[in-house]
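We begin with a single chain expressed as structure tokens, specifically the form predicted on its own.
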């Protein structure tokens, strides 16, 4: 066996309690009784009114679990498509489209439930035909479709009009505590009710409450309020300490357990490891470390595609135990760890896109064209016009462009944008004063 495989055998399998205690039927869903009843009725009356439904509400409250529980209750096969990854027209038509047109030999009337997760993230990808493809699938489907979203109004208006909206709301504390009590009983953990109340108070949603309970209660036979207060403090501990345990520690079990104390999911945590591993490892150690990290990324990809969160534990093992096992040299002294630079780049790119889209909206409204056409065809033309100062001032005044929007069209960050903005604002003020004088004279 390789060094990594030996370490994997040494570390006990840690099953995520959120997956272990995922509701199997609609009757097991915690809270949201009205939404669950609406979902059940939609399924029983499927085809009479809307062929698709949108389950929307805050993350971590059981929307995806409700969809799977519905399929289990109805005896339907599930075809799941993660919209944030697989949302191009070609892929949607290939997976969801074919699934929507064909039946199965099993289940009620040969039906299959098509689940499209993160549907509110499709809107930003509409240029690749994602929204239109889903609209087409819904119109032609012979199978029930469930779209899942956090923000209902971030979705395409056309898409919303074709679906029955069902809102899931945040779950009240009194509904979460009975589930935590049952989990404790099943896991053989004695508890004080005050301990569970503290966990629920500190958690932001049902999923967080279960994760916090697992992080604090695992390995204990008795859970008191004092244990929870200490555990909560440790759960929100420093990610830098966890990375030190991984890169400089010698116990794979401690590295794995340390990662459980973080308020980070594996998809975020892997970026921290990726960013800082080159600061610790060199040569062959670095290559072996990235080999383990790439395996973790494969598991995370399967989680995104299949919504099988049980695979998170394998990703966690590879990015902690596997990365630690890759080190053959003694660790050196203090290392200044840094947050993932990718996040900064994505944030910058997002802000640039927001400015670009704002300009396209103003141009489109003024020229009576779509935002998409303005973005693709007219913005390059306006950039050419902005090479002439007088032209830039006139356009900026007409469209009431902000300084950031002017800088975007100038392709510059220097004071030129400020000067044009000031001149444009003066021109706007003069035009308004002239209009007032004209009206008064009339």
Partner chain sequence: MIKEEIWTEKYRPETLGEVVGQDDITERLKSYVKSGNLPHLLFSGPAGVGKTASAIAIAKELFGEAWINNFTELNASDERGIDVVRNQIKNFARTAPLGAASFKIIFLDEADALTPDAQNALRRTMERFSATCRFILSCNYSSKIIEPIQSRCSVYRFRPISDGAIEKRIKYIASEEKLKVTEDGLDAIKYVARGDMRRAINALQAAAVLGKKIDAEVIYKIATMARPEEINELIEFALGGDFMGARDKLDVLLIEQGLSGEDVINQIHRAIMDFGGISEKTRVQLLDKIGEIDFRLTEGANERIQLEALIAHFMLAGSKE
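Keep in mind that this is a model prediction, so the values were computed, not measured. Just so we're on the same page, rigid core means the largest C-alpha set that superposes within 1.5 Å between forms. Numbering follows the first chain given and starts at 1.
Keep in mind the form predicted together with its partner chain is missing from the figure; the text below concerns it.
> Please determine whether residue 181 contacts its partner chain in the model of the complex, using a 4.5 Å cut-off between heavy atoms.
Output for residue 181 is no: heavy atoms all beyond 4.5 Å of its partner chain.
> Flag residue 293 as yes or no: does it have a non-hydrogen atom within 4.5 angstroms of any non-hydrogen atom of its partner chain in the model of the complex?
Contact check for residue 293: yes, within 4.5 Å of its partner chain in the model of the complex.
> Residue-level contact is defined here as any heavy atom of the residue lying within 4.5 Å of its partner chain in the model of the complex; does residue 287 satisfy this criterion?
Yes, residue 287 is a contact residue.
> Indicate whether its partner chain has at least one heavy atom within 4.5 Å of a heavy atom of residue 371 in the model of the complex.
Yes - in the model of the complex, heavy atoms of residue 371 and its partner chain come within 4.5 Å of each other.
> Could you check which residue among 305, 140, 253, 185 gets a heavy atom within 4.5 Å of its partner chain in the model of the complex?
Result of the distance check: 305.
> Check each of 403, 27, 398, 412 and return the one that places a heavy atom within 4.5 angstroms of its partner chain in the model of the complex.
Result of the distance check: 398.
> Only one of these stretches, 50 to 58, 380 to 388, 66 to 74, 28 to 36, has heavy atoms within 4.5 Å of its partner chain in the model of the complex; which one is it?
Correct option: 380 to 388.
> Within 273 to 288, which residues have a heavy atom closer than or equal to 4.5 Å from its partner chain in the model of the complex?
Heavy-atom contacts within 4.5 Å come from 274, 275, 278, 279, 283, 284, 286, 287.
> Would you say whether residue 397 is displaced between the shown form and the other one, judging by a C-alpha shift of 2 Å or more on the superposed rigid core?
It does shift by 2 Å or more.
> Given a superposition on the rigid core, I'd like a yes or no on whether residue 194 shifts its C-alpha by 2 Å or more between the shown form and the other one.
No, the C-alpha position differs by under 2 Å between the shown form and the other one.
> Comparing between the shown form and the other one on the rigid core, is the C-alpha shift at residue 368 2 Å or larger?
Comparing the forms between the shown form and the other one, which are aligned on their rigid core, residue 368 does shift its C-alpha by 2 Å or more.
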